[in-house]
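Okay, so we've got a single protein chain in two different forms coming up as structure tokens, structure 1 first and structure 2 after it.
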Structure 1
Amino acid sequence: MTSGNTVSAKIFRYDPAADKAPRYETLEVPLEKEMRVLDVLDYAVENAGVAVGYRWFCGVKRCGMCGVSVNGKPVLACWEKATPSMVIDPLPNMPVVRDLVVDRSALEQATLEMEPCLKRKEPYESFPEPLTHRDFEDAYRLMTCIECYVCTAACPVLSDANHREFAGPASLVQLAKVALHPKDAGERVAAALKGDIYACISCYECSNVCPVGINVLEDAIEKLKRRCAAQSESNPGAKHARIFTDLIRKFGRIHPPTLMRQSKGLMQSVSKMSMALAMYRKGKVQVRPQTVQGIEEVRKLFKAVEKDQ
């Protein structure tokens, strides 16, 4: 039953094989109760004669195929509520096949190259095999991933041409799912490093957009980073992460000059001297590290976390 209101939908249109440039097509759609973005797209095709290309299969947030960007935010079309005014684009960070359909093959290949399949050393003790919830908790949190690549579409690192080797959040979730499994014996650190895991800037964009509520950064990427840091001290990213953590433990804050000198070396630090002086004049950094008030509470927190791990 219509409410009398309408949705103004501005839909991205582009066929690389036929069009010289992308364009937008705007149409008015009757706003229904509990209407989703997918319903708007269905109306465009079935009632308005707009032959827009888009993907979907299940319609109930299970298949992960209907990802689009709505007003700049990557979402699942089947689950995102329609609003009175919407701009609907294809997911970023992926080539456009036609209109809202994107090519995910490069991202899927990156996932496959990580070999995210359980590799065991020991045979099954019994079947079913007993596993406690505590043993399986870390891997269990990632089991709801539907591989929609919405998190990867939101990743700002993949928008940077300098980080094309970064596998992306979705692929790292699949790797973490097996790496954190209590029975896995695969070589996961090498796969994570090959996927340029330290290119991640810990911005939480992947966690913020996950349609099934996975904390992608904390429950997958950061746990993989910790494993890399523990097992691959020679890796530059692992070294940077260890020094970063040590500074927080010691002073309760980051001291950029010390972080740069210890992680990058004296020569690179000198090359950044002009930037350091500019930051010093603006009061952004201190010449010497200064310990924050309440540092003992910070150190207690570190001890509690390490004990829990």
Structure 2
Amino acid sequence: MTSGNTVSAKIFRYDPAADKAPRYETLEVPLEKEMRVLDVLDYAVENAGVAVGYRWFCGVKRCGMCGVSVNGKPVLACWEKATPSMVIDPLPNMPVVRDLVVDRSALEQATLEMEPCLKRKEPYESFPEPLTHRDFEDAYRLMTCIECYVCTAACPVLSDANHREFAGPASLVQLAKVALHPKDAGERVAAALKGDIYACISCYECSNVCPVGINVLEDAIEKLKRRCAAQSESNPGAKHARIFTDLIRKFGRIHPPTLMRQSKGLMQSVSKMSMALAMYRKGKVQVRPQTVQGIEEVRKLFKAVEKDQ
């Protein structure tokens, strides 16, 4: 059912074993009803005889293997609707194997190292386990993660900062998924910290691109961070969250100099002295913390919450 229009696809081509440099191949493809990016790639090979390499298996968001980047956004080729003008690149944050095919092995290894298998405290008894949907609600939100690594491809901690200590959002989703299983007793905080979870800058790029609609940051990463904050004594990220909370308890709002001193330690704060001075001159530093009006109310609320916990 061709509507007469065409799709212009500029496709990344590169065989690192044979080519000196990547190039683009541009192709006009007849636009079909509700056409997906995968249909465009299929057309390239099967109709136009353009030997572009791309991975796919299922065509319906089950296998998680068809990730590509379209006009700069990481997507699944089978899910993303084709648009009249597309630049199709391999997913970022992974080495290119050939054309649109990337090597995911390092990321998959990171996931595996988190040991995302259920670890039970007590041995499994019998089917069915006496559990309700409520027990599973948190884990349930993550159950349709197909491990496509599209979120990881979108993560600026990897792409912009090349901070490879960070496991990336997809691996953290897998970790959270077992961690939130009602019977899990694995050491998940240690794994999250090993994956440098506090490198996550809370930008929601992962949530924004997830093709199955998982709010990766809130439903996986944040839940893990909460456990880390509660359980890790020494991790700077966990400590920072606690210090921050204590400042709010005291003053109702933050006091950046105190936060910095307590969080970074005196020595590191001193190294920021020249910046602090410049800021002071601009009227950006209040030497003493200001307390919000009605701080007694705030403290009462802290008490009420803590009583619950």
Partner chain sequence: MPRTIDTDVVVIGGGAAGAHAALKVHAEGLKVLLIVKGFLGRSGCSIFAGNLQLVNTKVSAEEEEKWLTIRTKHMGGYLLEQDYVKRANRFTESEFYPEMERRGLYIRRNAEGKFIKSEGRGTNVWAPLQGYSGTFVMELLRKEILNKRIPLLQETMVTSLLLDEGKVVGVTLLDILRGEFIAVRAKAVIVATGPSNYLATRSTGTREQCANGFAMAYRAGAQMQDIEIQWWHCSDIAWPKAWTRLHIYPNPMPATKETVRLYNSEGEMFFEQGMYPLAMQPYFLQLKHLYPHVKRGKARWNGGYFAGYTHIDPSIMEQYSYQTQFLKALGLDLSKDLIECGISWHMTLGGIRTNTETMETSLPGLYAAGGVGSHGVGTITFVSYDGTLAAGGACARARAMQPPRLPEEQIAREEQRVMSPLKVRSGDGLLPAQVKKRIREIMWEKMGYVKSEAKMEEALGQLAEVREKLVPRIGLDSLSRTWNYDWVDALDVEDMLDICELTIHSAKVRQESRGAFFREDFPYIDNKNWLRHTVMSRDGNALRIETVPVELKYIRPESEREDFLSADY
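Small disclaimer: the values here were computed from a predicted structure and weren't measured. Note that the rigid core is defined as the largest set of C-alphas that superpose within 1.5 Å between two forms. Here, residue number means position along structure 1's sequence, counting from 1.
In this comparison, the chain shown as structure 2 is the form predicted together with its partner chain. Core-superposed comparison between the two structures: the C-alpha position of L247 differs by no less than 2 Å. Fitting the two forms on the rigid core leaves the C-alpha of E297 displaced by at least 2 angstroms between the two structures. After superposing the rigid core, the C-alpha of G72 moves by less than 2 Å between the two structures.
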